[in-house]
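Consider the single chain below, provided in C-alpha cells and representing the form predicted alone.
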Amino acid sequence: MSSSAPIGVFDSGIGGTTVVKELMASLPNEKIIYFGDTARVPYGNKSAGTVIMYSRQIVRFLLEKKVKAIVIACNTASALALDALKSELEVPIIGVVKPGAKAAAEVTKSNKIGVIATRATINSGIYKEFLHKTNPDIQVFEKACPLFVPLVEEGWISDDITRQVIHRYLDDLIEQGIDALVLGCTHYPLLTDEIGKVTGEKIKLVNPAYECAREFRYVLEENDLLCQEKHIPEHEFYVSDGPKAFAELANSFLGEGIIKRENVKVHNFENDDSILRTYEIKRRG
C-alpha cells in the first residue's frame, strides 16, 4: 500500500468529524475520506450484529476508495465491531475506545472516572474493561446518554433543552466524586463547552478523538504509511442522508467549506441491493 493513499474514517453521523479535526491537526498531509452513516444514526440503540453489519458495509466502501488505514470514529462501532473487522482486514484499523480509556487513567488523581456513552457502548463494558486493565483500583461510573446524539445531529449545541439534558444525565455522576469524565461518543465533544459548564474545572474532560489521532499517527509510522508529501489534501466526505444539514454543521465545526456535491451509488455488500449515498467533498485552506 502506498503511503500517499488516503486514510478512511467512519462514524454513525456528524460526531466523527471531531476525530477528523484532530487528524487534520496531527496529520496535515494526509487525505481523509470520511463516511457518516446519517441515514442510520444512532448506532447506540442497535444490536451488536447490526452495528457489525453496517461497519462491514462502510469498510468495504472505504476499501474501494483505496484507503491505506482506517479509523473507526465511533465508540459504539469501536466497542462492537473493531475485533471482527481487525480479523478480516489487511489494512491497519483502530478505534477510539482504547486511546480514550488510557488517557483517562493517566489524568485521574482520585481513581474515580466517569464514562458517558451510548447504551450499546456502556452495555459492552469495554471502557470499564480497558480502565481496569490499566489500573484495577480505578472506580468506573458509567452513564448512558442517548439523547446527546440526536441533539448534536439536530445542531442544538447551545440550547436550553440541551443544558437541561446535560444536568439530568451528569448531576448524579458528579456527586460520585469523579475527577475525570470520558466523552465516550464522538458526538459528545461537540457539547464540550456546555458539559464543562456543568462539570466545572475540577473534572477533566477526556476527548478520545484527540487521543485517537495521536495513536493513529503512531500506527501509520509503525507501518511505514505516513505520507511524506507536503501538500494541501482535498478531503472527501460521504453521508448516507441529509447532506445539506451535515455540510452546515460540519462547516461550522471544521471551519472549512464544501466545494462540490454529487450523488453516488454505494453497493450494499450484505444483500446485493443498491443504496443511495450522498457525498460531500471539501478542500482544506
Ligand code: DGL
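Predicted, not measured: the structure shown is a model, and the values here were computed from it. Take the two forms, find the largest set of C-alpha atoms that superpose within 1.5 Å, and that set is the rigid core. Throughout, we count residues from 1 along the sequence that is shown.
Beyond the structure shown, there is the form predicted together with this ligand, which is absent from this document and is the topic of what follows.
The partner is absent here, but in the model of the complex a heavy atom of Val41, alone among Val41, Ile58, Val239, Ala250, sits within 4.5 Å of this ligand. The closest heavy atom approach of Val71 to this ligand in the model of the complex falls outside 4.5 Å. In the model of the complex, Val149 approaches this ligand with a heavy atom inside 4.5 Å. Although the partner is absent here, Cys185 sits close enough that one of its heavy atoms falls within 4.5 Å of this ligand in the model of the complex.
Only one segment in the set 22 to 30, 216 to 224, 41 to 49, 229 to 237 has residues whose heavy atoms sit within 4.5 Å of this ligand in the model of the complex; it is 41 to 49.
Applying a 4.5 Å heavy atom cutoff to this ligand in the model of the complex picks out Asp11, Ser12 from 1 to 22, in order along the sequence. Shown in the overlay between the shown form and the other one, fitted on the rigid core, is a CA shift at Glu153 of 2 Å or greater.
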